[in-house]
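This document starts with one chain, in the form predicted on its own, laid out as structure tokens.
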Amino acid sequence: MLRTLLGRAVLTVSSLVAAATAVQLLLWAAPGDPIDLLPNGAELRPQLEAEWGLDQPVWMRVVTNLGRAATGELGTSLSYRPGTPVTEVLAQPALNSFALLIASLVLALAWSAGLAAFTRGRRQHTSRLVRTLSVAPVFLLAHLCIHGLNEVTWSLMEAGTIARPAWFALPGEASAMRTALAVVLLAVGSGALADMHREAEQALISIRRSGFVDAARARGEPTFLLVARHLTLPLASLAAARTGFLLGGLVVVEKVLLINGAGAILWQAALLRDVPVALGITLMAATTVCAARLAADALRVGIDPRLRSQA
């Protein structure tokens, strides 16, 4: 067990270093830099290059930023919000994105488990319908939903049929409707619901056919809680595996639905070549994925007595 934990720790650190290195190399390889975006960038270039470390080789910039990040120092924003500490820039947006992530994961798991209980072991039109709805990419679903909703609502408002609904917020305002759409689209789009439903159904069938369930059924004991308890492990592993996909979908969904989250800021930071902000978001995303995997492993040890005895 100690060897497994050490292996997990090495894998976590390696994943964080690899993600931080990759995003920096991609941004430094892109044409232009933050100084090009300044109105008087040509005049200030010598000073800013020395101040921001842009006069150093790329490998040195990468190593320097990794060293700072290892001490918890993410620096300040270069072009997204110049001079503002990255932690201050990302504080509230990161919480917004995390709330969307948790809500979409919970919704996807609930739908998957419910559909698996309904369709297990039987060929159902429901399964084909789930695959059809879930096959569309999340960015396409987001565009169709927001465009259709806005067009229909605006037409009704212009015709005087309805007054401006409370949820019909302007782009710069918070909107519960856009937030709810983001949660549903993340839980359904890009094959999320179809994949999770299929794996949950297979896990449920395997558990119900296991010997301990047959023994409980033979003794006349209820099997619902027993099956639900053992289904927790595959659902936790499923959620951990899906976390990375949902984080990628957050970037697109927040941008399309105009939600103030870390995903939308990552999009802007990449366009503005703001490496510190992009690096901070990448490290938070990679940490979230690693934490989800570790949490799933801890849950397995807590529930499975065989793993506890090995520990």
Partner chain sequence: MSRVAWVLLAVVVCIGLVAPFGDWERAMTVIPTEAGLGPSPGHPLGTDHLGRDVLARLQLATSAFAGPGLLACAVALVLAVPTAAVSAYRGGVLGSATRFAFTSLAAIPRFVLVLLVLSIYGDSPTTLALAVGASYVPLLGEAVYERIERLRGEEYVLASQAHGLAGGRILWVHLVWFACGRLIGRHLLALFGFYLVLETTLSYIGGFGVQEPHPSWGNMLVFEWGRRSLVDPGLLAPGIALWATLALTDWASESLGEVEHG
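Numbering follows the first chain given and starts at 1. These numbers were taken from a predicted model, which means no experiment stands behind them.
The same protein also exists as the form predicted together with the partner chain; that form is not shown, yet it is the one meant from here on.
- None of 271, 70, 58, 50 but one reaches within 4.5 angstroms of the partner chain in the predicted complex through a heavy atom, and that residue is 271.
- Contact check for residue 136: a heavy atom falls within 4.5 Å of the partner chain in the predicted complex.
- In the predicted complex, residue 65 stays away from the partner chain, with no heavy atom inside 4.5 Å.
- Proximity of residue 140 to the partner chain in the predicted complex: non-hydrogen atoms within 4.5 Å are present.
- Taking the partner from elsewhere, residue 144 is found to have a heavy atom lying within 4.5 Å of the partner chain in the predicted complex.
- Taking the partner chain as it sits in the predicted complex, the stretch 249 to 287 comes within 4.5 angstroms of it through a non-hydrogen atom at 251, 252, 255, 256, 266, 267, 270, 271, 273, 282, 285, 286.
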